[in-house]
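Heads up, the chain below is alone and in the form predicted alone; it's given as structure tokens.
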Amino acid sequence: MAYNRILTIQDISCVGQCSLTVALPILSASGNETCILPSAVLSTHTGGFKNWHFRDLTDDFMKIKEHWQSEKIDFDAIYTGYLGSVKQVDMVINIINSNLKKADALIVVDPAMGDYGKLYSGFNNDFVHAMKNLVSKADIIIPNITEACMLTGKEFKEIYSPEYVSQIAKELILQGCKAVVITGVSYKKNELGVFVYDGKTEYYYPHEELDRKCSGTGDIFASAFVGAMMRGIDIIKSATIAENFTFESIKLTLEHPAHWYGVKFEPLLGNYIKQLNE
């Protein structure tokens, strides 16, 4: 088994089971060396907690990059999650274009910027434009259906056909990425799934839609997906493994109503590792 060095760039929510506190354990469980570049530090995530503390780390990006370059450190994969500003997106593009990225490195972008048809608070069209530039540098992008619409300028619909999703995926490929994995896709009531398009083959993997909206599910999926890909698993199986792991984690969390702030994925990491080895 190859032992790869993955760099993941996103924020740290110290409590809340999202972003780097999700990515680091899942990527490590996949058997890969995991390095981090935190975009910000938050005492908790912002979904339901009050009076949280926030520190922006934008000014540290280039200093960290320069130190890594002086040490001749490079990466087999770069995976980006939530980025807080246009400036951070531009800096990530700078890193991807540098010698920190090995020639054959896998670039995966989770364009975290919206859900349920709306941008996250603090983002605007300038951020969407910046994210389009970052997406063009990626091998694989992992938007949810809202973000896929924003990146293509398509009207967001709550009810849509497989042809609608297929067209969006094809338009995303035209923006420069090699493959698209769209999460949160639903063609009928009580069903939710993931759609994969690699420029040739379309694949949809559905499951039961659970009655629970949880913070961090996108981070769990993306991290499990990247971990599988870096084990040499093909894109369709990687997406299936990540979707199963995310679904089972949410299902477990449903048994614990007091655990409202995140997803209890940790008890199922053994299952994830088992799927990677099958």
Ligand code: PXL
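The shown structure was predicted, so the numbers you read here are calculated from the model rather than taken from an experiment. All residue numbers refer to positions in the sequence shown, first residue = 1.
Note that the form predicted in complex with the named molecule isn't included here; everything after this is about it.
> At the 4.5 Å heavy atom threshold, is Y82 in contact with the named molecule in the predicted complex?
Contact check for Y82: yes, within 4.5 Å of the named molecule in the predicted complex.
> Although the partner isn't part of this model, could you tell me whether Y205 comes within 4.5 Å of the named molecule in the predicted complex, counting any heavy atom of the residue?
Close contact is absent here: in the predicted complex, Y205 is far from the named molecule, nothing within 4.5 Å, heavy atoms only.
> Spell out, yes or no, whether the shortest heavy atom distance between L42 and the named molecule in the predicted complex is within 4.5 Å.
L42: yes, in contact with the named molecule in the predicted complex.
> Does T46 make contact with the named molecule in the predicted complex, using a 4.5 Å heavy atom cut-off?
Within the cut-off, so yes.
> Work out which of the listed stretches, 57-65, 27-35, 212-220, 239-247, brings a heavy atom within 4.5 angstroms of the named molecule in the predicted complex.
Correct option: 212-220.
> Quick check on this chain: which one of A112, I78, M131, V194 has a heavy atom within 4.5 Å of the named molecule in the predicted complex?
Looking at the other structure, the residue within range turns out to be A112.
> Report the residue, out of Y120, Y187, Y164, F156, that has at least one non-hydrogen atom within 4.5 angstroms of the named molecule in the predicted complex.
That would be Y120.
> Taking only heavy atoms into account, state which residues of 1-15 are within 4.5 Å of the named molecule in the predicted complex, ordered by sequence.
D11, S13, in sequence order.
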